[in-house]
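Quick heads-up: it's one chain on its own, the form predicted on its own, in C-alpha cells.
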C-alpha cells in the first residue's frame, strides 16, 4: 500500500464529506414555520411549544413533556424534580459532558463519580452499587454517543435503595432498550436539541416523565407561565406569582425547527445506522480499534461514532499519533475529552458553590477504567447521513492503510513531541483534528 500521507504520501480520501454525506441542518419546513411565527408575532411564546411537547412525549412514550431552553436546563430541572436537596448525592459517570454534572451542583447536590464499562462507554451498573450511601438521592445515567445504558440492573439497584433515575439522553433521540425508548425508563429523561444533535433546533431541550409530581416541580422551577395551568390541587400552584427563580422557557423558533426535524428523525437515524455499521464491518479486521459495543436488546442511534484505540505502548500520545495519521489521509476524526470530570477543579474545590464538594472524599476517588477509556477513545468518523457508499469505502481504505503502516506511525510518535498538541485538545469534549 502507498506511503502514509503523514510522511509525504498521497492522501486516501478524495471525496468532500460536506458535499457528499451531510444534510441541511434546517429543513425547508422549519424555515417556513419560523417565518409564519414571525409574521404572527409569536416570537416569545406560542401554542407550538405545547403541541411539540405533547408530540415528543408521545414519541418517547411518556405522560408529560416540558420544553426547555437547552438540554442543560432540562437536566437541572430533572435534578430539582426528583427532589435533590443540598448535600444529597447523585451518582454520575465522569465519562460524559460537563452538563451532566453541573446541574447537580447548581442544585447544591454532590456528584459522586462512577466507573463506566470501557466496551459500551456507558455507566457500569456493577460500580453504581459501591457508591450508594445514606446520602444518595439519585443516579444520573448517560446514554453516551446514542448507546443505551444497561437499564434493567440500574433500575433494580434504584428500586432496592429507593433512588431516582435521571436519563441524560442528549445523544440518544430515538434509541431504545428492550423495546422502550430511552427517556421513558427512569423517573425523568432529558434530551438536547443543540445544533450538533440529531434533532437540532440551534438550542433547546426537553424533559419527559410519567410522574406528575416531577413534571409539576420542573414546571414550577423554570416556567412561571405554566404554573397557573397546573391543577389547583398541586402544591406548586401557589407559586404562580413568582415561580421559583429560574426561566427555562424555550424559544418558539427552536421548537419549529425541532418539530420539523422530528418528521424525518427515524428514517435518518436508520440510514445513519446502516452507514455506520457498514463502516464498522469494513474495519472489523483491524485488531487495535474497537467499536462501542451495543448491548443485546438495545438499539443505539449513531449520533456520534466513537471507537477505542488499543495502544501497544505506554506513551500517552499514541492514540493522538494514530489520529494524526488518519487525519492526514483525509479522515474526519477527533480526540475525546470525556472521562476527566472527576479531576476537574469545579468538582474538587466547589468553585462558586462553596466547599461541600471539596469536603467529600469520594469525589476524588480514582476511576482507572474511566481514565483508560478517556485516553483511548476517539471519534472514528463523522455521521454519514446520505447514501455515500464510495466515501465510506474510502474511509475503510484509509483505516487499512494506516493499520498496515502502524509501525511507522509509532516511529513518528517516538521522534516527535506530540504532548503539547494533545494538551490543547484534551480539555474539549469533542476535538476535531
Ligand SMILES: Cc1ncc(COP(=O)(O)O)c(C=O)c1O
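Numbering follows the first chain given and starts at 1. If you're wondering where the values come from, they're calculated on a predicted model, not measured in any experiment.
There is also a form predicted in complex with the ligand; it is not shown, and the following applies to it.
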Fill in: Per-stretch contact check against the ligand in the model of the complex, the hit in 169-177, 242-250, 129-137, 267-275 (non-hydrogen atom, 4.5 angstroms)
169-177
Discussion item. Taking the ligand in the model of the complex, would 64, 148 and 210 all count as contacting it (heavy atom within 4.5 Å)?
Written reply: no
Discussion item. Taking the ligand as it sits in the model of the complex, is residue 97 near enough to touch it, meaning that at least one heavy atom pair lies within 4.5 angstroms?
Written reply: yes
Discussion item. Taking the ligand as it sits in the model of the complex, is residue 188 in contact with it (heavy atom to heavy atom, 4.5 Å or less)?
Written reply: no
Worksheet item: Should residue 93 be classed as touching the ligand in the model of the complex when contacts are defined as heavy atoms within 4.5 Å?
Response: no
Worksheet item: Might residue 71 be said to contact the ligand in the model of the complex, defining contact as any heavy atom within 4.5 Å?
Response: yes
Discussion item. Which residue, 279, 338, 80, 215, is the contact with the ligand in the model of the complex, using a 4.5 Å heavy atom cutoff?
Written reply: 338
Practice prompt. Tell me, out of 142, 301, 84, 220, which residue has a non-hydrogen atom within 4.5 angstroms of the ligand in the model of the complex.
Written response: 142
